[in-house]
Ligand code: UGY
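Single chain ahead, by itself, as structure tokens, in the form predicted on its own.
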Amino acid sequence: MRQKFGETRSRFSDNHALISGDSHERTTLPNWPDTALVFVIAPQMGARFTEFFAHMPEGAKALPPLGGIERFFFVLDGTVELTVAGTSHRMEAEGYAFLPADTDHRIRASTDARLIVLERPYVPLASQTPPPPHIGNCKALTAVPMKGDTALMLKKLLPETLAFDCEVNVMDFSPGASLPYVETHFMEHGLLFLNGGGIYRLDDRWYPVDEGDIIWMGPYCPQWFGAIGKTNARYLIYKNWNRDPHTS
């Protein structure tokens, strides 16, 4: 929605960014024909991965990413069909897939659909063969308390093996719940609020956040979140994982 006097909640810093829906700009790419893309995180801001929304009309198809790039996508709305290794998978809301680098696959929108997509160069590990494709649905996973706190529940979407060089989780906060401390670490994050909202600390600033907001957290950006409201706050969060800081 156009703002009268140039207002936006989007903010950008050298080590973090908050991108709200009021500043989205749609673009296109050759491997996403007929699909409107909104890049919210990209290397141009200092990140080492991309994150973008894909607005797919019914019948639109997506091709694999560039060579050496792994892809993760999560269905926000609608239904898509993923074809990989000769097998088709029907994927509805909260369905997700991890496609290893250089995996031939196709995504086709069975209905109008909206995806959130993460892509990054795969970082190999000498002792491990690259991971296989992994397909699931967040609704089918069992949540576990984070650090024993039942007001903060965690779902891990990818297997916890060394073959995977990243982690994608869904974190679910009861009203009033918060992260137990301010985190600072060498990993970076890409985060999408799926439901609810609250207050997010990034560096020395506190931001109100809501459903649909995207956050990029660079390495060593101090970060903390507290849920505010009458409903749970839930977000999808990525981080690089299982790799030495010299390589990841």
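The first residue of the shown sequence is 1; numbering continues from there. In this text the structure is predicted, and so the values were computed from the model without any measurement.
Just so it is clear, the following notes concern the form predicted together with the named molecule, a form of the same protein that is not shown.
- Remark: Trp216 does not count among the residues lining the named molecule in the predicted complex, judged by a heavy atom distance of 4.5 Å or less.
- Proximity of Ile116 to the named molecule in the predicted complex: non-hydrogen atoms within 4.5 Å are absent; the residue sits far from the partner.
- Among residues of the shown chain, His189 is one whose heavy atoms approach the named molecule to within 4.5 Å in the predicted complex.
- Though the partner is left out of this view, His185 does reach within 4.5 Å of the named molecule in the predicted complex, counting heavy atoms only.
- Residue in contact with the named molecule in the predicted complex (any heavy atom within 4.5 Å), chosen from Ala97, Ala177, Met171, Leu158: Met171.
- The partner is absent here, but in the predicted complex a heavy atom of Met146, alone among Ala101, Cys138, Val123, Met146, sits within 4.5 Å of the named molecule.
- Within 4.5 Å of the named molecule in the predicted complex, a heavy atom is found for every one of Tyr200, Gln223 and Lys239.
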